[in-house]
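Below sits a lone chain in structure tokens, taken as the form predicted on its own.
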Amino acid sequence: MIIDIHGHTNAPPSLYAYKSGLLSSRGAHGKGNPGVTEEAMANLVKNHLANNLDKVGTDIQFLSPRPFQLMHSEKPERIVHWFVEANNDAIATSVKLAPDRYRGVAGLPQCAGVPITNTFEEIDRCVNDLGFVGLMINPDPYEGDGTPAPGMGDEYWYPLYEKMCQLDVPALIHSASCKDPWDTYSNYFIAVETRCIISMVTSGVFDKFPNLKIIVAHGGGAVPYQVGRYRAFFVRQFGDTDGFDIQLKKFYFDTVLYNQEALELLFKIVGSDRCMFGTENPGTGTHKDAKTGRMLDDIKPTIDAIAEISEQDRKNVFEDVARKVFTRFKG
């Protein structure tokens, strides 16, 4: 079985019209109706299956909201909650329409400058009522506006980590929108996801929460590819030669990398037992590679072309690790 743990939902235009209305009125006219009905979603789900899963041989895809749409830095807080709820409802509808092909990963109504506990009601709704199998965390709800967000090793996040352990749900760390006019969102993703790992490693989060399951999107930011520099930093900081690698292998990583060399290095540095197949399809990599004629996010053939990994390595990446980590996934 091929399980893609990193996909983002499609939704009808009414959802994004709803977002525009919330932003323009700032919630003054109430919650409103995002128009995410089964009828509105049916053709989108059909097309998504045909063009994004069947075409590349993916059996099941885990859907989360499109992070750059979630407007975590906007005010007032209520419009963030309403829009995130509408996105999660769209995912739940996709799962209902194709229960053998999709599972839900909940977006969190994270709001800049408020306690992370404000997301708990939506977590409970998605996990306990809608049957979602995981969460998606944005490490920077300020969305690159220049305000420093608490590092993911900061105690700010501890109530969420406790909640995740209680529910036994993993989280995909995925950056969101970038308001920095001097940066691109792809570079911002790499920087924020890198900082997530370094902050959690240096603060010993996994020693405090040994059952915590964290998946870092896009192959772990820069860390597996600059690992020598981070090893040197860890030795200088803590005097521990092997400590960084030990802590690094407490994370999980997706395969949302669009070249074979990067995937080879990821598997070599962290091991196939810490990696899960992900494509972010459709997304940044949904562009044709002129050399192969395939879409860049058609990642399975790229992994299959790596001669140095075993069949068990491939099985780890395509299925086994996802089943181990997403314990609420049944299928």
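In this text, residue numbers run from 1 along the sequence as written. On a predicted model such as this, the values are computed, not experimentally measured, just so you know.
There is another form of this protein, the form predicted in complex with a further copy of the same chain, and it is not shown here; the text below is about that form.
For the options 184, 166, 211, 128, the residue carrying a heavy atom within 4.5 angstroms of a further copy of the same chain in the predicted complex is 184. Only one of 46, 26, 268, 55 lies close to a further copy of the same chain in the predicted complex, with a heavy atom inside 4.5 Å, and it is 268. Looking at 128-136, 87-95, 114-122, 186-194, the stretch with residues near a further copy of the same chain in the predicted complex, meaning non-hydrogen atoms within 4.5 angstroms, turns out to be 186-194.
Contact annotation: residue 226 falls within 4.5 Å of a further copy of the same chain in the predicted complex, judged by heavy atom distances. In the predicted complex, no heavy atom of residue 206 sits within 4.5 Å of a further copy of the same chain.
Although the partner is absent here, residue 262 sits close enough that one of its heavy atoms falls within 4.5 Å of a further copy of the same chain in the predicted complex.
Taking the partner from elsewhere, residue 230 is found to have a heavy atom lying within 4.5 Å of a further copy of the same chain in the predicted complex.
Heavy atoms closer than or equal to 4.5 Å to a further copy of the same chain in the predicted complex belong, across 290-306, to the residues 290, 291, 296, ordered by sequence position.
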